[in-house]
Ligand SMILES: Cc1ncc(COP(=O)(O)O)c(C=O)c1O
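Only one chain is given next, in structure tokens, and it is the form predicted on its own.
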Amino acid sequence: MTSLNFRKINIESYKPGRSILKKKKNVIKLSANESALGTSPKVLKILQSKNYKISKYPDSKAIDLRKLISSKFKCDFNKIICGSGSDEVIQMICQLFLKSGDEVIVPQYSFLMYRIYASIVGAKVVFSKEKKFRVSVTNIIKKVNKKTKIVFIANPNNPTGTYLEKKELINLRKKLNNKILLVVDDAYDEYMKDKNYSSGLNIFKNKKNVFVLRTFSKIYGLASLRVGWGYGDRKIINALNMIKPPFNVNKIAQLCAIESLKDSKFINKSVKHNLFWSKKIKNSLEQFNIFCNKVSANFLLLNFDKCKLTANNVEKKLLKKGLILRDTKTYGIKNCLRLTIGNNSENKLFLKNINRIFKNV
């Protein structure tokens, strides 16, 4: 019998948060940091249309989408690349910059795809320790050596919800060797209202050694359509276009992304909703000694270290009620759960069940 040889890839693959429960039809998923309010009404109109020629390939260069991104974010059209989610852009960056023996630095608790894509191309992933679940610039710099090629930072960070202030992010770039690419993931930027925070795009728009990631999967509510984009030096973008799949962002996804960018009213509504419920949930949980990060993105990291019940106990009780939170053991974080801020009814049901759980404790 013929046996084919292929490269052995020694990585731990991505494990998404649970989305279904056996024997439960009505499930509330608060595990994937998806949009609490769904999508813009403008997007729904696109999805309801029947006039698309889906037999034709989409625009490979996503020109109309990139033009609108350029206009809305006041950035250079020629320095934008679109991907099938920002995940694909991360993958392409790793393919372009890394080879076997190179090193990539990621914070101790960070988005799993940075380490996965880096490992696939043979790079060594080096973890920098965090301080109280917060990225440490000092500890990142300590890990730098001649083999370091990329430093990945999500700001705010997933799954911890913590973030570096503008001055800290600028300081990180100053301390890194100029030949090291700093990748700043702005996935949750729209939710941020701290005056000391600034997005990677705003800070490093004209830097040649910084690459910024953005996504339509979070506040814009297009997670299923897979649309993201990257912004960087024109030479980097040109090189990425050479390895990019030719029709990676489908036509419907491009049209929906365009409409979602136009709807500022929906975005503002989503931000207000998130701020209100994040604060309310955070304050409610503290009475049970469940503590969270400072309000930032559309999720909270719930820490049960001072609580009478463990994260595992609470998770099991919530699952019985059809409520799914994100187990953080995959990220290396013990006794915590990540909670996505849901819509009004989902948040009320979550708090109702939390109160019931602790009523007799």
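The first residue of the shown sequence is 1; numbering continues from there. This structure is a prediction, so every number in the text was calculated from the model and none was measured.
The next section is about a form of this same protein that is not shown, the form predicted together with the named molecule.
Of the candidate stretches 141 to 149, 181 to 189, 168 to 176, 91 to 99, only 181 to 189 has residues with heavy atoms within 4.5 Å of the named molecule in the predicted bound form.
Proximity to the named molecule in the predicted bound form, taken as a non-hydrogen atom within 4.5 angstroms, holds for one residue of Tyr163, Tyr220, Phe111, Trp277, which is Phe111. The partner is absent here, but in the predicted bound form a heavy atom of Gly85, alone among Gly200, Pro107, Gly230, Gly85, sits within 4.5 Å of the named molecule. At a distance of at most 4.5 angstroms from the named molecule in the predicted bound form, all three residues Ala154, Asn158 and Arg226 contribute at least one non-hydrogen atom. Interface residue remark: Ser270 is not counted as part of the site for the named molecule in the predicted bound form, having no heavy atom within 4.5 Å.
By the criterion of a heavy atom within 4.5 Å, Thr215 is counted among the residues contacting the named molecule in the predicted bound form.
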